[in-house]
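Single chain ahead, written as structure tokens, the form predicted on its own.
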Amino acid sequence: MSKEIKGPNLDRRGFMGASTLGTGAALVGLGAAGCAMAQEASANPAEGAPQVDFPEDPRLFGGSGTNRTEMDLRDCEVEGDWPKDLDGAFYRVGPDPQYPKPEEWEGDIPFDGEGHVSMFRIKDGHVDYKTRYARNARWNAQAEARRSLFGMYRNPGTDDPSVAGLNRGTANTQLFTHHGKLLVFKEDSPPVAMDPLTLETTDPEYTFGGKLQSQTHTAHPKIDPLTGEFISFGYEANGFLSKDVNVFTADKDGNITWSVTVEAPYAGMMHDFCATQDYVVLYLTNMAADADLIAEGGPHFRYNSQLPCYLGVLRRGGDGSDIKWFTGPNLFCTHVMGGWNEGTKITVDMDGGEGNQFPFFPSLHEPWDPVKGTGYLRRFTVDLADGGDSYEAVTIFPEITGVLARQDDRYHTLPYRWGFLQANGGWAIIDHQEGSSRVFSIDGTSLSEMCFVPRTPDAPEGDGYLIGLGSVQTEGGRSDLILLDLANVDAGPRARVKMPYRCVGQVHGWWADASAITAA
């Protein structure tokens, strides 16, 4: 079968791998008529049972290869000087298609694969590897039907009628440990709770004891290092395409202690946010939820360069009535490196471009521009005492281009010194105090997003390691887990775990000390 594919090219590895910006998957075969015909055909016994056959074209959903294998590998091969006192787990999650899409939806974006969680459990110098799918409502329904039941990305109108009204979240973007649970996130749905040691799904739709007042939950909550509070939000909180945003905190035991709902200027992507000691800062990009595109059978979002971007600020613990939406330079920023406030002056560092960074979503007014989509670190500032209605945004460390900004996660809400960025297949290390930057790379290996690991749980900021997966291009893409000692970057990796195969891909990862996972 041949099919004309239009648009830029992005395979699944490019989407979840080490490149700072890929090219986009085309949208093909859109339309409700095609969906109806496929449903009629699948109901015809003469057609036979549905066959699990992923397309060969890498531009189609799942066409660049899938993993799909839940596995356990005890005592991985470890090379180098792995710290014997390092005790914890490195978790990763990414989309890994459970089944191929029907032909009319095979142009779906790669980010719509079901969430496959992996864990490297590290203790006494030994490393064990385990993977499991997040078994939420979507995964379970498809497992029972033994075929794909969900159509285009966040478009319920393209789904099989048998799953109408079912939570269609994929749990494929990020994961955190908090109050004894491994919480796995996709921003259109509540988290999935998993056992942090076995990866067994313990709650396919976790709502904080029924207290979550939102139908959605961000992929990027924060933890207050002073109180242990879980700070989070969900956009489209009160239903599909709603402008409502629910902001809440939960205490160290997972009890929701504060929850307010505010209204955004329009329904659009709010992938990450910033929490400071006194404020919550929301960022609305101009990747707008597009009802017309959805009605045509397309994905949820379309980039609209003519819409303003907004910075929304509200006080933590208040009733939400003080929220103020500021406008400023239109920057497509998706990940927060860090942020803090000094009185009424708020500073937020985010990575982002001047244009659409997600070319697998269509643009309303102009073609995708890879130059405008290039990511730089941007510093946003606003002073609530000024009485103005705009924010300032400047580029910092312009010598570094990259995406997926991170920090020492123990410094959420606080002034911070060290930041990290995935940059051109390597890891950028940024010292805000000294105003310096450098990029660590390994010849022949593309590095995925990293996490910071403290040398000890109470080590000073930045004293520790970077951990992340590398794809060894000279060995067919086989995976290495890389541990870089920040005290001696020039020495190269302190240790690596040499995996015998290419590990399941990731979007984001998370390091958890043994104390956070009730380790045995």
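As the structure is a prediction and not an experimental result, all values here were calculated from the model. Numbers follow the displayed sequence, beginning with 1.
One more form of this protein should be noted, the form predicted together with 4-hydroxy-3-methoxybenzaldehyde, which is absent from this view; the next part is about it.
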property: Residue contact check: N172 to 4-hydroxy-3-methoxybenzaldehyde in the predicted complex, 4.5 Å heavy atom; result: yes
property: K186: touches 4-hydroxy-3-methoxybenzaldehyde in the predicted complex, heavy atom cutoff 4.5 angstroms; result: yes
property: Non-hydrogen atom contact F358 with 4-hydroxy-3-methoxybenzaldehyde in the predicted complex at 4.5 angstroms; result: yes
property: Touches 4-hydroxy-3-methoxybenzaldehyde in the predicted complex: H271 (any heavy atom, 4.5 Å); result: yes
property: Whether F90, L199 and K498 all lie within 4.5 angstroms of 4-hydroxy-3-methoxybenzaldehyde in the predicted complex by heavy atom; result: no
property: Single option in F326, Y153, W139, Y416 placed near 4-hydroxy-3-methoxybenzaldehyde in the predicted complex, where near means a heavy atom within 4.5 Å; result: Y153
property: Contact residue in the predicted complex, chosen from H432, R121, H335, H178 - any heavy atom within 4.5 Å of 4-hydroxy-3-methoxybenzaldehyde; result: H335
property: Which of 307-315, 406-414, 263-271, 71-79 lines the interface with 4-hydroxy-3-methoxybenzaldehyde in the predicted complex (heavy atom within 4.5 Å); result: 263-271
property: Members of 86-123 lying within 4.5 angstroms of 4-hydroxy-3-methoxybenzaldehyde, judged by heavy atom, in the predicted complex; result: F111
